[in-house]
Structures are given as C-alpha cells and as structure tokens.
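What follows are structure tokens for two forms of the same protein chain, given separately as structure 1 and structure 2.
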Structure 1
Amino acid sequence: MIEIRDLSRTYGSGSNKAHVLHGIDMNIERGAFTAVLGKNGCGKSTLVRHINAILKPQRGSVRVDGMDTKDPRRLYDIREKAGIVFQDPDSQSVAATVEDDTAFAPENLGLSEDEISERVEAALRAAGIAELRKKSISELSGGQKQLTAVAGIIAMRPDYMIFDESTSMLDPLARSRVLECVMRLKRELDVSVIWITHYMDEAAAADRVVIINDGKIAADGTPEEVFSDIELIERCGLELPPCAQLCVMLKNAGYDVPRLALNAHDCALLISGMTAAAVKEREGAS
C-alpha cells in the first residue's frame, strides 16, 4: 500500500513562493485503478513524483509498502516497486531498438541474462508489441513509443504503475490502445495503476477518482460518486465525461434521465431504457 500523510510542497521563495501541495492524506491500495484529475498547475504531477521518490517530501511522508521515500537507502527498491511512464515517450527512450529499450531497466537491476530475457519477452507480449522487438525506436509511431515505455516499466515488474498524462500527446486510436493495454495489465498482473489524465472518459474507466484542486484533495470516490457532483466538477475547472454530458443535455431538455452514464455502453442502455419507457407510456395513454 502507498501511504501519503500530510504531504506538502512549495516551489520558489519570497514573493515567488508557490504552494503546490497542502497536507495531502491518502492511501492507494494494491490492485486499484486510481485516476487523478485536476486543472493544469493543481499539483497532480508533483503528487505522483513523490510516490516514485523523484521528489522528497518537504513536509509529511510518503511510504511505499512501508518504505519511506526520504530514505536514500531504499531509493532503488521504491523505484522497482513504483514505475512511472511520463507524458513524452521520447524522453524515456534510452536504446536503439524496442527490445533493448525494454531490457534497460531490468539490466540495471543486476539480473541474470536469462531473467532479463524472460522479463523482456513477457513485457513485450503484455504490451502487445512483440512483433516490434527489432524495430528502431525512431521508426515507431507515438502510440508504439508509449507502449514501448509501458513495456519497459512492465519488465521491472512493479507493484504500482504510474502514468503521468501518458496519453496526452497521442491520437484517439493510440490513446485507446494504451489505456486498453494498461487495464488488461491491471487485471492480469494485479498491479495498482495511478493514472493522471485530462481526458474524463479515461478517468471514467477507473475504480477510483481523486480530484486535486489548488493543491488539496477536492474529491475522492468512485467515478459515479465524483462525476455526479456537477457543481464540484465545474468549480474545479473540469468537464464531465462525454457520455455524462449527453445525459445532462437530455435532462436539461426535459427528458427523465434517472442517472448519469459514464461510458458508451451504459449510455446506450440508459437511452434504450428511456425510449422503451416513453413508448410504453404513449401506448398506455392511447
């Protein structure tokens, strides 16, 4: 479990001092898919960089399976437990080919050649890019580069996978492929996923949604609970997922919408049910 207690951080000094995080308290359980939302500059990325020990708490503490991120002796253990994929896949490429890039992290763990080979093979298959193993990184599309970055993290076999706006530079098809890959990994490997995004439809697929606003936790609950508070969503400068927006539009147009739907499947079922009810009502009236 990841335990965050009274986490606070400031940048700058004097008149330029900016408070980025204010007393954050939260736990992240093993096996959960947690989406972290918030407008630009709210502190999302700063928060998750503390989990991976890229940043050390100025006040408060962060523990990853009991290991204090302030303890320099546990730095590599923590980063082996909690891998992170950043926004720009080019910034993470360290080797010429997909296979060599995937092998980089396990090689730095000091594993045997057989273990490294086994991990790389499993990671490439898990990320769905085994056929690209000999490809040059420079020949890949943006989505393929990001999946290569995902494979590199998988090869470390972390218990927690952090994605810091990892789909923000991708087209919709590539975004969908990366998200599907991560959700499959979460199910099959029982890893925790911490997913920072500006895309509300991605957050709607999570088990839990946390909204950071002005460095504080403004909401923490299931997607249904969080997105049902429309005033909160607007106050935090966010939008509802597209399907939920459609539900609100229908309700504002006078239709009896019993609840918000957060994905296309649920939205279709909801509208189908509303249509059937309307037809039944008309038939009863006639």
Structure 2
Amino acid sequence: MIEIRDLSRTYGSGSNKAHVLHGIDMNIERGAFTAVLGKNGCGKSTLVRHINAILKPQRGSVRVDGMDTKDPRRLYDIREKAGIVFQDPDSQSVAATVEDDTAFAPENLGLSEDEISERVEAALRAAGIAELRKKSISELSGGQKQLTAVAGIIAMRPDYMIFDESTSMLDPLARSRVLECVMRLKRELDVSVIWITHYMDEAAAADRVVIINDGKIAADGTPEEVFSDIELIERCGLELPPCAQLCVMLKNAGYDVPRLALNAHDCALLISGMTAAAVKEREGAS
C-alpha cells in the first residue's frame, strides 16, 4: 500500500511562494487501477514523483509498503517497487536497442547475467514487444517507444507502475495499444497502476478516479461517483467523457435518466432501456 500523509510542497519563497501540493492525504491499495486527473499544472506530476522518491516530501510523508521515501537506505528498494513511465517517448531510453534498454534497470540492480536475460525476456514478452528486441529504438514508432519504456520498468518486477501522461503524445491507435497492454499487465502480473491522463475515456475505464485541483484532492471515488458531480468537474477545468456529457444533457432537459453511462456501449443500453420502459408503460396503460 502507498500511504501519503499531509503531503505539501511549495515553490519560491516570500510573497512569490506558491503551493504545488497542499496537504494531500490518500492511500493507494494494492491491485487497483487508479486514474489521476487534473488540468495542466495542478500538481499531479509533482504528486506521483513523490511516490518513487524522485521528490522527497517538504512536509508530510510518503510510505511505499511501509518504507519511508525520506529514508536514504530504502531509496532503491522503493524505486524498484514503484516505477514511472514518463510522457515523452523520445527522452526515456538509455540504450540503442530495445533489448539493451530493457536490461538497463536489471543491470543497475546488480543482478547476475542469467537473471538479467531472464527478466529482459519476460519483460519484453509481457509488454508484447518480443519481436522488436533487436530493433534500434530510433526506428520505433511513438507507441512502440512507450511500450519499450513499459518493458524497462517491468524488468524491475515492480508492484506499482506509475504512468505520467504516457499516452498524451501518441495517436489513438497507439494510445489504445499502450492502455490495453497496461490493463493486461495489471491482470496478469498483479501490478497496481497509477495512471495520470487528460483523456476522460481512459479515466472512465479505471477502478478509481482521483481529481487534483490547485494542489488538493478535489474528488476521489469510482468513475461513476466522480463524474456524476458535473459542477466539480467543470470547476476543475475538466470535462465528462462524451457519453456522460450526453447523459447529463438529457437529464437536465428533464428526461428520466437512471444513471450515468461512461462509454458508448453502456450509453446505448441506457437509452434503449429508456425507450423500452416507455413502451412497457404504454402497454400497461392500455
């Protein structure tokens, strides 16, 4: 479990002092897919960078499976447990080929050569890029580069994987491939996923949605719960997934919308349910 207590961070000093994070309190349980939303500059990247001890708390504390990120002796244990995949596909690779890049973390961990090979093999297969292993990274597409970054983290055998807008520079097809891969990893390897995104449809697929606004937690709950508070969503500079927007508009127009649908399939079922109910009502009346 990741335990974040009263985490605060400020930049600058005196009258220019600005809060980036302001008293964040939250737990992230093992096994969940948590989406973190918020507008540009709300502090979400700063928040997750505390989890693997790239940033140390100025105030408050962050613990990963009981290890304090301020404890220098546990620094690498924490980073091994919680890996981050960053946004830019072009500035994350250390090596020239996919295979060598995947080996970077196991090499740093001081593993034996056999163990390194085994981990690289497993990580490449888990990320679904085994056939690219000998490829030069500069020849890969953006999506393939991000999957290579994913493999590079998996090779540490982490319990938590953090994605800091890792799909924001990809085209839709590549985006869905990376998301599918991460969903599969969560299922098969039992990794907990912390997924920062601007795409509401990605957040709609999460187990839990956390909205950060001005360095504070503005909302925290299931996607259905969080997205049903439309005022809050708008205040935080966000918007609902298109189908949820439609549901809200119908509801505001006076239709009896029983719940909020977050994707097209669910929304179609909901609308056809509404028509079926009307038919039944009429039959009942006649």
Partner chain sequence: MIELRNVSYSYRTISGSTAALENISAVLPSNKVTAVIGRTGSGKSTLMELIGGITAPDSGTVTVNGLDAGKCGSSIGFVFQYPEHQLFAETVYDDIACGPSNLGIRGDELEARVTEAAELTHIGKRLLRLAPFELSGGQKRLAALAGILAMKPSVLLLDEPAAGLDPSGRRLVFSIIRSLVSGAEDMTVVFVTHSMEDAAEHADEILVLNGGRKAAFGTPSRIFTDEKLLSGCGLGLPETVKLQKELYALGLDPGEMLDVPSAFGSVCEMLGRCGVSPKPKGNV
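Every residue number counts along structure 1's sequence, beginning with 1. Just so we're clear, the structure is a prediction, and the values are computed from it rather than from any experiment. Here, rigid core means the biggest group of C-alpha atoms that superpose within 1.5 Å across both forms.
Trainee: Which number goes with the form predicted alone?
Mentor: Only structure 1 fits here, because that chain is the form predicted alone.
Trainee: Spell out whether the Cα of M26 moves at least 2 Å between structure 1 and structure 2 when the two forms are superposed on their rigid core.
Mentor: After core superposition, the C-alpha of M26 moves less than 2 Å between structure 1 and structure 2.
Trainee: After a rigid core superposition, would you say the CA of C247 moves by 2 angstroms or more between structure 1 and structure 2, or not?
Mentor: Yes; C247 is a residue whose C-alpha shifts (by 2 Å or more) between structure 1 and structure 2 when the cores are overlaid.
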